[in-house]
Structures are given as C-alpha cells and as structure tokens.
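We've got the same protein chain twice here, in two forms, each standing alone as structure tokens: structure 1 and structure 2.
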Structure 1
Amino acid sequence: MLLKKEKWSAFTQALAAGRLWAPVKQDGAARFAPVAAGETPDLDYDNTTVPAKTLVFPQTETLYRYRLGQTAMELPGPGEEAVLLGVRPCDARAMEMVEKLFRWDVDDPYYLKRRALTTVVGLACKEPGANCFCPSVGGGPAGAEGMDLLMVDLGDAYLLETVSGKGEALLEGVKDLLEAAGPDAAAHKEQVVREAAGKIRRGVDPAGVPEGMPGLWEHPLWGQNAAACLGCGTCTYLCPTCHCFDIQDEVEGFDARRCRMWDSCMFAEYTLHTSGHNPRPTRRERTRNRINHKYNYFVQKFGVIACVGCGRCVNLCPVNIDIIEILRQAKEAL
C-alpha cells in the first residue's frame, strides 16, 4: 500500500489515538518519545542514540512491589498496547534476536508481554551512518525482520509492506488514508534500497569468525584493543542486541520493590563475586566476552550473530574501540 506524504499527518494522528512512540530530535540526537495528540513525528533523522529495544526491554522495570518485613507482593498490571513508529531495520531485527533469548529455557513474561503489546512500524534506511555495516551481518537497509510493518520512503509517498498480522491490523485501521501501490513501486523500492546499500562504506565478512573465536582465546588482540577501554557501559547499553540485566531490591522508607535494570558485561562488577574474586578480572576478558558473546556464544546457541551492524558502539565509544576493526584483526589472526 502507499501512503502519500500529504496524508502523513493524518496517518500519525490516527495512530496517536492509541499509544504512539516515534523518534524526536533533541540537542542534535534522536530518541524515541511518546507522540502526543496533535504532534506529527518527523522521520528525517539519523538513527536514535538509544535503540528501540528500550521500549520492549526498558532500562528499569519493576517486577513486583512489597513492604519491608512482610511477604505479600504486588505484581504489575496487564500493560497497554503501543505502536512504535520509525524503527530502523537493525533495531527491529535485534528485537527478534533478543526474543530468542527471552523465549529460550523459560519464557520471560515481562519481555514477551511488551513485545506482544507492541506493533513495530519499521522504516527502511536511505542515509546510512558512517559506521553502519548491517549487510556484513545479514541485515540490510530494508530488512523487515522483527517488524510488523515496513515503510519505504519513495520520495512523495511511503510504501507500506505488511510483515505480520499485527501490521495488517494496523493498516486496516487507517485504510482510508492509503492507496494501492502502483506496478513500479517495487522497482522504485529496490532502487532506493540499492542506493542506500551503496552508501555503506564499512564492513567485514564474519565468515569463519564464530568457529575461529575459541582459537583466538589467548590472542594478544584482546589486550591490545581493551587497553584503552574505560569500562563504561556505552557500547552495551546502546547495543540493540545486548540484553543483560541485573535484579535489585530498592527500598523507600519501609516500602520496597524488586526491579531489573540493564547491566553491562563491560562493568568490572558484572562478574564480581562476593568473595572478591572476579573471573573476568580485567577489561581484556570483558572485551573478549562482549565480542565472543555476539559472534560466538549466541551463534552457537541460536544460530545467528547477535550483532546487527548498527554501528552505535563504534560511533559512541569515547575511546574509539571499534568492533569492525576488532573483527578485522580476528579474521587476520584466524
């Protein structure tokens, strides 16, 4: 289906009748924020600093509440449906990957509930960033994995392709604003996608990396790359596929809650034992773990590289630790 851009405002207004999230720009960077009735989101933005995962896997999430000294607990309510508008293919694909984990040995009710309540409306990329490398890891500027609906900017209109039943249902609700796509739409889309892919400058072929990783366990590349690491959580917090969390009890007066929040394997305390022993004692082991988790362990367990090539960790690392460069060195060392 086609959505003419002059209908864009009406389209978003219709979605904003429910809970709608879309990127907003603030101080030069975009982030997902609720769209209030009357506002029209602008999809002309570089990818958000924080990936869309934050909406299905919030940074802080209350699991239940209780009172000190008492055993009764209060669970969260059923939650609300929401539409996520303007999700990039890398971020949508990552949600699908993370879901594999949250569906693995036991179902994680919190993640799955939010995922089920959320309709993901994706947007194909036209202007990839300096460090985008999604094609290297099985994605692409118009990949629809993890989405319910894909939008492709054809200039004067968006091409809307349903990916799931939820996407179809969404379109059904706004069908008056849409028109059928013409016969040349597919070709137009292909051209847009090809152009976008052609602008991607960086990349690495990961073939052989997952199998080769164990052999590189003691390779000096880890120490060399980790030497400058500050041990902050930028790379992991901004990674759309990173999904580690910590569980804490937080007390306020005599009231308390149990909650979970993002954690990062780059923090020293991530694996710190009560005894004081740390099985990953330095930034070298932590950096090695981060890469191995994405390019080795996750592959072994779920058959897919847990990196979607969004380039965020490269863009925003304060000290230029570059996963593409690390993979290049790893390939060289194989």
Structure 2
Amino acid sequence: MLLKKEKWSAFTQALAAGRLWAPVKQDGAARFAPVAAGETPDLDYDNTTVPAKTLVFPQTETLYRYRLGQTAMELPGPGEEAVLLGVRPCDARAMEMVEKLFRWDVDDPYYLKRRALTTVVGLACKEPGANCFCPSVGGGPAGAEGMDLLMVDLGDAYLLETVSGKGEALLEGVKDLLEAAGPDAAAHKEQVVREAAGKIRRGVDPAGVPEGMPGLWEHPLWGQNAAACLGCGTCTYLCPTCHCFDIQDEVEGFDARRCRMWDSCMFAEYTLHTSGHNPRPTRRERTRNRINHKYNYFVQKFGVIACVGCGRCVNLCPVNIDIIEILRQAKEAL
C-alpha cells in the first residue's frame, strides 16, 4: 500500500489517538518519545541518538512496590498498547535479538509484555550514517526483522509493507488514507534500497571472529584499544543490543519499590565483589568482555552476533574508540 506524504499528518494523527512514540529532538539529541495529538513527527534523521529499546526496556522501571512490614506487593498495571514509529532496521533487529535473552532461562514478564503491546513501524534507510555497517553483521537498509510494518520512502509517498498481524491491523485502521501500490512501486523500492546500500562505506567481515576470540584472550589489542577509554559507558548505554541491568530497592519512610535500571559492563562496579575482588579490574578486561560478549558469548548461546552495525558506539565515543577497527585488528591477529 502507498501513503502519500500529503496525508502524513493525518496518518500520524490517527496513530496518535493511541500511544504513539516517534523520534523527537530533546536537548540536542534525537530519541523516541511520546507524540501528543496535534503533533506531527518528523522522520528526517539517519538514526536516533538513543535507541528505540527505551520503550520496551526502559532505562529505569518499577518492578513492584511494597510497604515495610507488610507482605503485599503492588505490581505494575496491565500496560497500554503503543505504536513505535520510524524505527530503523538496525534497532528493530536489535529488539528481536534482545528478546532471545529475555526468553532465555525464564520469560521476563516486564520486557515481553511491553514487546507484545508494541507495534513496531520501521523506516528503511535512504541515507546511512558515516559509521553504519549493518551488512557486515547480517542486516541491511531495508531489513524487516523485528518489525510489524516497514515503510520505504519513495519520494512523494511511503510504500507500506506488512510484516505481521499487528502491522496488518494497523493498516486496517487507516485504510481510508492509503491507496494501492502501482506496478512500478516494487522496482522503485529496490532502487532505493540498492542506492542506500551503496552509500555504506565501512564494514568488516566477522567470519571466523566468534570462533577465534578465545585464542585472543591475552592479545595486546585489548590493552591498546582500552588505553584511551574513560569508562563512561556510552558505548553500552546507547547500544540497541546491550541489556545489562541492576536491581535495587529504594525506600522512603515505610514505602519502597524494587526497580530495575540499565547498567554497563564498562563500569568498574559492575563486577566488583563484596569481598573487594574484581575479576575485571581494569578497562582492558572490560573492553575485552564487551567485544567478546557481542561476538563470541552471545553467538555461542543464541546463534547470532549481538551487534547490528548501527555505529552509535563509534559516533558517540568521546575518545573515538572504534569497534570496526577493533574487529579488523582481531581479524588480522587471527
């Protein structure tokens, strides 16, 4: 189906009748945030600074509330359906990967409930970023993995392709705004995707890296790349596949809550034992763990590299540590 851009405002207003999240600029950074009725989201960006995972895996969330001295727990409500609009293929694919972790040894009801209530409307890339390398890790500018509906910008209109039943239901609700795609739409889409893929200039072949990582355990490349690291955690907080979290109790008077918040394996406290021992005492060990987790441990457990090539960790690292360069060094060492 086609959505003419002249009907974009009406389309987004129809979606905003429920909970609609889309990219917005806040304090100079692009992130997904609720869109109020009357607002028209602007999708003119290559990717958000903060990944789309924030809707299904919030940076801080309440698991339950309780009162000291009582056994009753107040659990979160049933939740609301939401539409996540304008998700890039890398971020949608990352949600699919992270879901594997939250279904691993036990189903995580918080993540999975939000995932089930969320309809992901993806947007194919026309202008990939300077450090995008999604084809290297199995993605692409118009990949539909993890989406319910894919939008492809054809110039004067968006081509809408359903991927799941949730996507079909969404289109059914706005069918009066759509029109049938002509016979040339598919060819136009292929041209857009081909041109976008041709603009991706960086990449690395990860073949052999997951199997070879254990042999590089004591290689100097880890210390060399960690030498400039500040331990700020930007590379993990803004990574769409990173999922580490901490759980804490917060108490005010007799009222308390147990909450979950993002954590980072790049923080020294992450592996600090109560005894004072830390098995990852320096940034060398923590850098080694971050790369091994994505390109070895996750592969062993779930059969897929836990990196979608979005380039955020390269774009936003304050000291220009480059995961593509680290992988290139690993390939050479192997």
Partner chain sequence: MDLEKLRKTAAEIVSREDVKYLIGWRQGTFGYRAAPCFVEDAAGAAELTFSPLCSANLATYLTLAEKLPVPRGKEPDSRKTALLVKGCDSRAVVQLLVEKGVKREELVIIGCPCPGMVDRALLAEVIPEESAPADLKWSGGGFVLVKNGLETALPRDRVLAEQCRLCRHPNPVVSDILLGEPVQPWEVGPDGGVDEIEAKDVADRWDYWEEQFSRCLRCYACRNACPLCYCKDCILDRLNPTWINRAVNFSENTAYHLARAFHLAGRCIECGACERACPAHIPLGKLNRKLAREVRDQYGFEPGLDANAEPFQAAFKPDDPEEFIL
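Shifts are known only where both forms have a C-alpha. Between two forms, the rigid core is defined as the largest C-alpha subset superposing within 1.5 Å. If you're wondering where the values come from, they're calculated on a predicted model, not measured in any experiment. Numbers given to residues start at 1 and step along the sequence of structure 1.
Of the two forms shown, structure 1 is the one predicted in complex with the partner chain. Once both forms are overlaid on the rigid core, the distance between the two CA positions of G28 between structure 1 and structure 2 is 2 angstroms or more. Comparing the conformations between structure 1 and structure 2, with the rigid core held fixed, yields the displaced runs 25-29, 68-72, each spanning 3+ consecutive residues whose C-alpha shift is 2 Å or more.
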